[in-house]
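Next up: just one chain, as structure tokens, the form predicted alone.
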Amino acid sequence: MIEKALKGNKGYWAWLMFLLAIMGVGGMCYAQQFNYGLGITGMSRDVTWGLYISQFTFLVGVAAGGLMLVLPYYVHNYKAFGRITILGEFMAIAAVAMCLMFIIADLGQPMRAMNVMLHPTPNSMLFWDMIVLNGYLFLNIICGWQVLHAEYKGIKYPKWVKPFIYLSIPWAISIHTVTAFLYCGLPGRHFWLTAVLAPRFLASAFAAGPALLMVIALIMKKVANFDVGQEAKDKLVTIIGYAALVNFFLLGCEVFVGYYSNIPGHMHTLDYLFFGLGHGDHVFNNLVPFMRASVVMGVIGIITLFLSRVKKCDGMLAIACILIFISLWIDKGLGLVLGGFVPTPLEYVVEYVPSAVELGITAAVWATGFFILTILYKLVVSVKRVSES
């Protein structure tokens, strides 16, 4: 079955070559970091998690978003998701693979990852994060591949796969919950010290993951003539829209608690993210344009999303999903992680700016994820065409 990924038109191969070129540049950047150390990045003693961990945090949500397809299709027998559920499972594989690559990049020396297994520490959230991430990757590979291979053979998937599918449902929730606990388990960082962090993570996950999947599905309809169906798209619009609204509600709760209760740790970070900290010529505000843009894009995206359903316009739908996806990427991939380090426990402001090496490695990891996704989706399209012919 894998041989079907070796057949494609010029556009398919040009896209793969483009991704490989980005991966090559990122590989050279990683060689520099490997030889020099993490000192070549923009991270410091005060900002110990930078672009790598912020991308990891966001992509965990993208991976968990596949739950919103698996649950209706396998548990509630919602047949309209028949053509798109496998896309969600394979997107989770690519997203988790990217998460693991970002963690390796953040460690500096890859062999340090072995310490989690050689010296297990069950009272550490990092240990459990390793368990849930690798477990979720394993579950999606098993379930997705077996279901697709069975369809390729023209038979029903084996019965032993069903328990793994059911297990992947709570496991999807666990990967983002444990990641949230990594942050809210650090009492020295007041902005993360909130009980609604895990629900906020899940709400953003259930919007960002399906939003990205919707955009990819619309692209596949154009370039590969692979249509997931209008009913599936309408249902995804509902899921994305309500999840995005819940995410904004939880963000509003954070703002209310911080300012109404006058909690300095929360207020200072929110001030830094949306207004800037400091006076006169010494104002720290490098994230303010991003965070304001996130709110604007999120609001416009949600409105456009529901309008696209009324008008049945794929163009509006694509724009809405892109706006929501970028809005959530800024909110969680930049604001939540990087903003949590401002101010420091000693009330200093240390701003973080990623280095060119970090940007190169980050671009390479994203390119690797899309490379994996392209190969897997090529298999899906090929198998679906054979099985439906």
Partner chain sequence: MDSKRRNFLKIAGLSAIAGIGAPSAFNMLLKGEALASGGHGAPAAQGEHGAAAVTGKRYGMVIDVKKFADNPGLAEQCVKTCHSIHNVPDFGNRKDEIKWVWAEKFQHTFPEHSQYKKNDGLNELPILTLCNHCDKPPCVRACPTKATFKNKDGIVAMDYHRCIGCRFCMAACPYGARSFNWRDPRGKDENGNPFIKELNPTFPTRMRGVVEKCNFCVERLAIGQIPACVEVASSAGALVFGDLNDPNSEVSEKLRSSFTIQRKPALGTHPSLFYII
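Residue numbers count along the first chain shown, from 1. The model shown is predicted, which means the values in this text are computed figures rather than measured ones.
There is also a form predicted in complex with its partner chain; it is not shown, and the following applies to it.
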Subject >> Proximity to its partner chain in the predicted bound form (heavy atom, within 4.5 Å), stretch among 132-140, 111-119, 296-304, 83-91 >> reply: 111-119
Original post:
Does Leu126 reach its partner chain in the predicted bound form, with heavy atoms at most 4.5 Å apart?
Top reply: yes
Original post:
If you check in the predicted bound form, is Leu323 within 4.5 Å of its partner chain, heavy atoms only?
Top reply: no
Original post:
Would Arg189 count as touching its partner chain in the predicted bound form under a 4.5 Å heavy atom rule?
Top reply: yes
Original post:
Should Leu359 be classed as touching its partner chain in the predicted bound form when contacts are defined as heavy atoms within 4.5 Å?
Top reply: no
**OP:** Sort through Ala224, Leu182, Ile263, Ile173 and report the residue having a heavy atom within 4.5 Å of its partner chain in the predicted bound form.
**Re:** Leu182
**OP:** Just give me the residues of 31-47, first to last, that have a heavy atom within 4.5 Å of its partner chain in the predicted bound form.
**Re:** Phe34, Asn35, Tyr36, Gly37, Leu38, Gly39, Thr41, Gly42, Met43, Ser44, Arg45, Asp46
